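One chain comes next, on its own, written as C-alpha cells: the form predicted alone.
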C-alpha cells in the first residue's frame, strides 16, 4: 500500500487571516460603520459593534493562534484610525498596531499586514472615495506613514485586498457602500485601486528595500452551466474577463498574461505591471454561468447559478475544493511566489468545515507536487467575525464567537487545523478522525 500521508514542506507557513473592521470593534470613522447605520444594508440589521474586540484585546486571540501551532497571521491596518483627517496622523493608533505586531512576533508568529481591506475613512468617502483620482496620492501618503512607523516589525506587506471584489460589490452589485450599479464607475474604481497599489509598492520599497510586497486577488471561477451552448460560454468568459483577467493582466506583465482587456478604459499603457513580489490568492467558490436575456442583476444579462452543487451555509456558494488547485495553477503563470491569503467556508455547526479543510489542503498538496510555488496558507478565519453585508450570519471561524458576550469556543476544525500545522501533514489518522467519508478518495489501497 502506498504512503497515504500528504506531507507539506518544512518551511510551509500555516496561518489565519483577518481584517481590521471585522475584528477590531469601534471603527466609527469609516464608510462601513456609516453604511451599517442605514436600514436594510446589513443582513438582519446586524452591526459590527465590538466585533471581536481586537482593539483592546487582540493578544488573547494571538495566544489561541500560537497554541494552534500557527506561525503567521494576516491582519489589516484601519486607514480611518491612522489618518483621521486628510494628513492628520494618529500616532497612538500606530503605537497600538506596533504593540499588536510585536505581540505576534513574541509568539513566533510572523505578521502579514494588509494596508487596505475594504474600509475607507469617512473623509475619503465624502470626497468621492476611489472614484476620485486624488485617492492614489492619498493612499500613497497613508502607506508611507504606516510603513515608516512599522518598518521594524513587518517585512510581508499586502497593499490592497481584492480590488476586484471592492469594485464589483460596491459599484456593480451594490452590496457594499456606496451601493452603486454602474460598470463604468466600477472600472474607474478598479483602475484607481491598481494605480494605488503601484504607488504603494514603490513607496514601500523606497522605505524598506527588502520588503516583500504583494496584492490579494480573489479568484472566482465562472464555468458555463451548459458547456455546449455558445452563449453560456461567452457569458462565462465575460465574467472571468472582468473579475479575474483584468486585474491579473494589469499587474502580471504582457509576457505573462495577455494585455487585452474589456472595453472599460484599461489598456497596455497601464503602469501597474511587474509591481508584485508575490501574489495572494483568496479562493472560496465558483459559479455556473448561464446566459439569460431577461436578467438585470448582473452585467450583460448574465445569470449565475449552481443548481446541482453542494451548497455552503448561508447560501454562500458551491463547495468546490478543486477550484483551489485550478486557481493556483492559473496564478502560477505569473512566475511569482503564491500565498493563499484566504480560504474557508461558513459553517455554524462545523459539519462541513473539517471535510472542506482536508479537501482544500489536499488540493494545495497537489499543486505543490506539481511544483507550484505555494508558500503559505491562511485560513479565513480564526474567530467568527463581522462579514460585511452579511453581518454575523456567516460564521467562518475555527473558533465560535458569541459577539454579544465575546465568549469563544473552539470548533473541532480548530483541532484538525492545529494537528495539520503541527505535523505539516494530512495523515490517515486525521482523515479517519475528521473526514472518514473521504477514506476512499484520499486513502488508496
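What you see is a predicted model, and the numbers here were worked out from it, not measured in a lab. Residue numbers count along the first chain shown, from 1.
Same protein, other form: the form predicted in complex with a small molecule, not shown, and the subject of what follows.
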| item | value |
| --- | --- |
| Stretch from 48-56, 416-424, 64-72, 383-391 whose residues place a heavy atom within 4.5 Å of the small molecule in the predicted complex | 383-391 |
| Close approach of residue 32 to the small molecule in the predicted complex, 4.5 Å, heavy atom | no |
| Partner proximity in the predicted complex: residue 316 to the small molecule, non-hydrogen atom cutoff 4.5 Å | yes |
| Non-hydrogen atom contact residue 284 with the small molecule in the predicted complex at 4.5 angstroms | yes |
| Contact label in the predicted complex: residue 239 to the small molecule, heavy atom within 4.5 Å | no |
| Heavy atom within 4.5 Å of the small molecule in the predicted complex - residue from 347, 223, 83, 162 | 162 |
| Heavy atom within 4.5 Å of the small molecule in the predicted complex - residue from 79, 118, 325, 291 | 118 |
